[in-house]
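Here we start with a single chain on its own, the form predicted alone, put down as structure tokens.
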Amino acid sequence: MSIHSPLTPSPADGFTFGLWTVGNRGRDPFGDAVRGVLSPLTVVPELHKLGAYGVSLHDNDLVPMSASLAERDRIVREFQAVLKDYHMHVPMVTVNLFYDPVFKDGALTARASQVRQFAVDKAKKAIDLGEELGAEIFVLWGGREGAEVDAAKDPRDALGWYRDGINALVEYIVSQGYSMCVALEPKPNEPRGDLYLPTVGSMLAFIHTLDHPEKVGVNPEIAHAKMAGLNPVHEVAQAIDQNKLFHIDLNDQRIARFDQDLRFGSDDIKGAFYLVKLLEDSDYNGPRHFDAHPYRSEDAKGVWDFARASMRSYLAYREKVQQFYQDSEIQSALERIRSLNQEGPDLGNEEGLNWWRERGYAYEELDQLVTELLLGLR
């Protein structure tokens, strides 16, 4: 097909995938892996073929913790070579501070100062790796920064340790002359019973207590907001409002379930539409990063079907956003709503109050028009 389809992704769309996403082996708490290990050197050309812009990674997605310095350098060189061959980018790196048993009581919030220092040192090495790969964003997800037994540690102490750790990492970035910024990723629970700083709002408040708040933003994940029963669009909008949307993880989730990491736009169709609309209306120019997993039912082919569909879905929603602005009935309904709110009497007397009390806002009509647009009826 020689004509470029509007639903065919290209690097200009800025789509990225974590090595841990397409590389997810389908393991869950009740079942072992169903797919083999996927080498990063295989992931890069396959995603390039599908039209992705780049990949992101945890430090240990690429370099095992047990690797010697020589092994580490060899792995990085090979990865850099394949990135160059396929014109792929690494906009973001993160650090795994949750998998190894040493972090069972937390990483930056562990009671033991030795563990906290080990976590900071490990994160600094991940930052160095990101700098080598050209990453501009360092994401920090506190997967073990929480508690099941609140008597075990005072949450005020834990937040203080958390602050100290992030301050140390930002100071390291500044002292090394790196241009990298830090994006903190909130989540309400899982794997800990309760995680500290569980929402975008709590992260934003925390950022303002840091030594270099200008260097730190947020990385909202759609599924994490929905796990807390929140509206991800409102969470992301708050980050945009404060110029703190440094990165975003796109996926899907059913409210109040475990962290499902469903393919973006596959469950909440209206919510996905409004999220894409928000990002496009806000001229967000960061990576559109997919942090989701192929179903456990899938083989190797299903992994690449998942990746292709993730990008195609975003583009389809983006096309619907364009149709939203081109649809004359929707725009007329919006104009009537705007007019209704510009007219009407003053509220300084009973007559005016009653007029505003009794008036309607025509939101039913508008919502149905958008629903029909998404259902392909318009």
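We number the residues from 1 along the sequence you see. Note that the structure is a prediction, hence the values are computed from the model and not measured.
This next part talks about the form predicted together with ligand GLT, which is not shown.
### Sole residue of F118, Y178, F98, F306 within 4.5 Å of ligand GLT in the model of the complex, by heavy atom
Exactly one residue meets the criterion: F98.
### Task
Taking 4.5 Å between heavy atoms as the contact cutoff, choose which of E185, E235, D252, E145 touches ligand GLT in the model of the complex.
When ligand GLT is considered in the model of the complex, the option within 4.5 Å is E185.
### Query
For the chain shown here without its partner, which stretch in 270-278, 67-75, 216-224, 194-202 has non-hydrogen atoms within 4.5 angstroms of ligand GLT in the model of the complex?
Stretch with heavy atoms near the partner: 216-224.
### Task
Report yes if any heavy atom of E136 sits within 4.5 Å of a heavy atom of ligand GLT in the model of the complex; otherwise report no.
Flag for E136 set to no.
### R35 within 4.5 Å of ligand GLT in the model of the complex, heavy atoms
Because no heavy atom of R35 falls inside 4.5 Å of ligand GLT in the model of the complex, the answer is no.
### Task
Using a 4.5 Å heavy atom cut-off, state whether H48 contacts ligand GLT in the model of the complex.
Residue-level check for H48: no, no contact with ligand GLT.
### Query
in the model of the complex, does W141 have a heavy atom within 4.5 Å of ligand GLT?
It does: once ligand GLT is placed as it appears in the model of the complex, W141 has a heavy atom within 4.5 Å of it.
### Task
Could you list which residues of 53-70 come within 4.5 Å of ligand GLT in the model of the complex, counting heavy atoms only?
Residue within 4.5 Å: H58, and no other.
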